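Single chain ahead, written as structure tokens, the form predicted alone.
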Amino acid sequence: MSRLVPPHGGGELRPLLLSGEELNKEKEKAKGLPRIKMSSRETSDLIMLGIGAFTPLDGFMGKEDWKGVCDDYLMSNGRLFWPIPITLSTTKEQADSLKEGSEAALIDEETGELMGSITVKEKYTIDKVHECKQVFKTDDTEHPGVAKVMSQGDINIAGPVKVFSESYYPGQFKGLYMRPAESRKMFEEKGWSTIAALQLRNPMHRSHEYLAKIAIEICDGVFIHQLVGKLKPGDIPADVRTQAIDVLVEKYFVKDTCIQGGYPMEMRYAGPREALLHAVFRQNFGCSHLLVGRDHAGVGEYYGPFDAHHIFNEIPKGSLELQPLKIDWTFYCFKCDGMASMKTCPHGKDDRLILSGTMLRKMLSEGAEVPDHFSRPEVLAILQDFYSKLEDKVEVKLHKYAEGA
């Protein structure tokens, strides 16, 4: 019997990815179906459904589920906790051509690849501004998540899906890309029962390293789980991040205390709500804890630095088996002569080197000298090599939390 935390909802993993003869049959049938083009976010959500990361969902949400998730963190059955709507949209013209109960093929709009099919159970409209204010706490279209929602089609299509493909992820990120069944198997083979997930979309600097080592002190191991889905301009590609993380783990961690994995979801930059979604699918990957530091999954100045801590106290009791590991603001203190946090360091701001991925990207992109203790030298060498070869550099803007204000 598994000693790991159960999948979300308390049942078994529910991967929706087809294989073998069933896959061939459904792909052949899909050739004659109406086609719905999916955005990159919708495609990545479909893959998350396919690999079982969004267990126990069986497809894209209907209106009552959408409303319940937006307003109360609950699906329409009133029992299943879910923090962010998982929806599929299309044009009114396309929706009008689909009959409820019929099937449609799901096509990635960027690659043209046939990704799956959906049985149309419902067609409905939503108040996009309402979703944005509930999920992102803003309807400012400068927010990348808001911009995505506001650019959706006018009609949402709901229903169970069959997933045909994981796109380029298994090939391009071989050895990193991982399905929940695979991470669970690895944890069990190691004899781990308590695992802390470390969410990453940046290379690991000293604060990340410090968080991971705190988790190793109290858990069996750490799952360094980085996003390999689509990022915003200026973020560092997954292959560079992976190389930087590999050298850090090899030289600065005890052997067999960390596993590195990648997942295909696209960032929504929804701050506290996204921290909850990270918790849901990390539970499906077999993690018992989620490290939640400063400005988790945030962007700009839309969220307070510890809003993602507070939201775990606001959700209905018993929503998650996974528990957050809430870590205070961390930094290098010159007087302490080491990494510390607001809870452990008595010294002032002038004695502290504030660390952030945004600040590191800004310094690297501008060719500025990176201060000592910001990142390990082996990691910096990899990142500096990457930036030196970039022809088109994106301006990186600091917000007040990245600057330590």
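Note that the rigid core is defined as the largest set of C-alphas that superpose within 1.5 Å between two forms. Heads up: residue numbers just count along the shown sequence, starting at 1. Computed from a predicted structure; not experimentally measured.
Below, we refer to the form predicted together with another copy of the chain, which is not included among the displayed structures.
- Taking the partner from elsewhere, E366 is found to have every heavy atom lying beyond 4.5 Å of another copy of the chain in the predicted complex.
- Mapping the unseen interface onto this chain, L80 falls outside it, with no heavy atom inside 4.5 Å of another copy of the chain in the predicted complex.
- The shortest heavy atom separation between R35 and another copy of the chain in the predicted complex exceeds 4.5 Å.
- Interface membership of K99, defined by any non-hydrogen atom within 4.5 Å of another copy of the chain in the predicted complex, is ruled out.
- Contact check at 4.5 Å (heavy atoms) against another copy of the chain in the predicted complex: all three of I214, K326 and A340 pass.
- The candidate stretches are 25-33, 332-340, 356-364, 51-59, and the one lying within 4.5 Å of another copy of the chain in the predicted complex by heavy atoms is 332-340.
- Checking C219, M115, I236, A104 against another copy of the chain in the predicted complex, a heavy atom within 4.5 Å turns up for just one residue: C219.
- Counting a residue when any of its non-hydrogen atoms is within 4.5 Å of another copy of the chain in the predicted complex, the hits in 345-376 run C345, P346, H347, H373, R376.
- Core-superposed comparison between the shown form and the other one: the Cα of P371 travels 2 Å or more.
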